[in-house]
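Below sits a lone chain in structure tokens, taken as the form predicted on its own.
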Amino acid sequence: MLEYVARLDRRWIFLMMLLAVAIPILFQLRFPETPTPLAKAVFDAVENLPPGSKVLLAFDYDPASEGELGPMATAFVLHCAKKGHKMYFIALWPVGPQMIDDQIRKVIKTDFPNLVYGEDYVNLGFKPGNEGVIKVIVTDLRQLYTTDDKGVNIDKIPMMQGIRSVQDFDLVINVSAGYPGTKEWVQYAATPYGIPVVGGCTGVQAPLLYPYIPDQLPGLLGAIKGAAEYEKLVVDRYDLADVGRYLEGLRRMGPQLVAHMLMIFLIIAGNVIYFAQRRQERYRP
């Protein structure tokens, strides 16, 4: 039996992995999530602001990383809208405005039609320059942003009155897939000026940001796991557990969890087989 398992055709392993991913997707399996302190810190940063606070949402990701970052971006917009915050969208990635438009359409225009563009939310669009943009707008936002994404002069946008720099915002939320992203916001906004910043990032980027926690970065959502934890906090707080489009992170955690458990099982099984074979060889006459 041991020899048979050791020589098992690898195609059976591929099939098991296929089933581990496909079954949770087909049956839309969702597993309980226990939010970590980092996810709670992000939630509290938004939740504890008084209604009407000014929140800058910087969406620095693209379709390639939407699988990890899309759900947390949705949850951020939902949370801000539920709290009644003023939302200012910007992007330092060229396709960022498309990601912003997707979230505005998915959340604001679908469930918050009472929110008025220019009074409750505004899309300032993309600016090239990477961290150079941050260095400028932390002291003089109007030096770079003279119009919104539609070309409307910002002096004609009611919610832009009194906004001169990033320091006028109560919170910066960054959803980042790499450079420029959360690290640059921490280095050039949070650290020198004390601007409150929280973020969400891809799994490979998260370890690079842990050194900034908790002083410069009080909270961080890492990959789809962080998105699922934050989703749970938001949907539980506002009783949205039956709204499927706000549970995407929790749904995507299903196949990931089952696939990871299968991988752990295979690693353990492989080691058990290896040491069992070594033992047999040792006592073989």
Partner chain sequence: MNRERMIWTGLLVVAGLWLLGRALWVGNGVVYVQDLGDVTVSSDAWEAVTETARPSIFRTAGLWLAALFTLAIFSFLYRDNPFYKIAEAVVVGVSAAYWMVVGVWATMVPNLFGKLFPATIKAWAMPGLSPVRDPFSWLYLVPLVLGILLMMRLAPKGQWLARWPLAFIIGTTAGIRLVGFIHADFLSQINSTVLPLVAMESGRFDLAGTLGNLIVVIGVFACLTYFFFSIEHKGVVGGVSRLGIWFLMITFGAAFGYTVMGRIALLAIRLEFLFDDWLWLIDPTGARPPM
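Positions refer to the first chain, counted from 1. Quantities reported herein were computed from a predicted structural model and do not represent experimental measurements.
FYI, the form predicted in complex with its partner chain isn't displayed, but the following is about it.
Peer 1: Can you work out which of 260, 40, 237, 54 has a heavy atom no more than 4.5 Å from its partner chain in the predicted bound form?
Peer 2: Result of the distance check: 260.
Peer 1: Can you work out whether residue 223 and its partner chain are in contact in the predicted bound form, taking contact to mean some heavy atom pair no more than 4.5 Å apart?
Peer 2: Residue 223: contacts its partner chain in the predicted bound form.
Peer 1: Can you check whether residue 276 is within 4.5 Å of its partner chain in the predicted bound form, heavy atom basis?
Peer 2: Taking the distances in the predicted bound form, the answer for residue 276 is no, it never comes within 4.5 Å of its partner chain.
Peer 1: Answer yes if any heavy atom of residue 68 is within 4.5 Å of a heavy atom of its partner chain in the predicted bound form; otherwise answer no.
Peer 2: Within the cut-off, so yes.
Peer 1: Taking its partner chain as it sits in the predicted bound form, is residue 120 in contact with it (heavy atom to heavy atom, 4.5 Å or less)?
Peer 2: Close contact is absent here: in the predicted bound form, residue 120 is far from its partner chain, nothing within 4.5 Å, heavy atoms only.
Peer 1: Residue by residue through 114-140, which ones have a non-hydrogen atom no more than 4.5 angstroms from its partner chain in the predicted bound form?
Peer 2: Counting only heavy atoms within 4.5 Å of its partner chain in the predicted bound form, the contacting residues of 114-140 are 126, 127, 128, 131, 132, 135.
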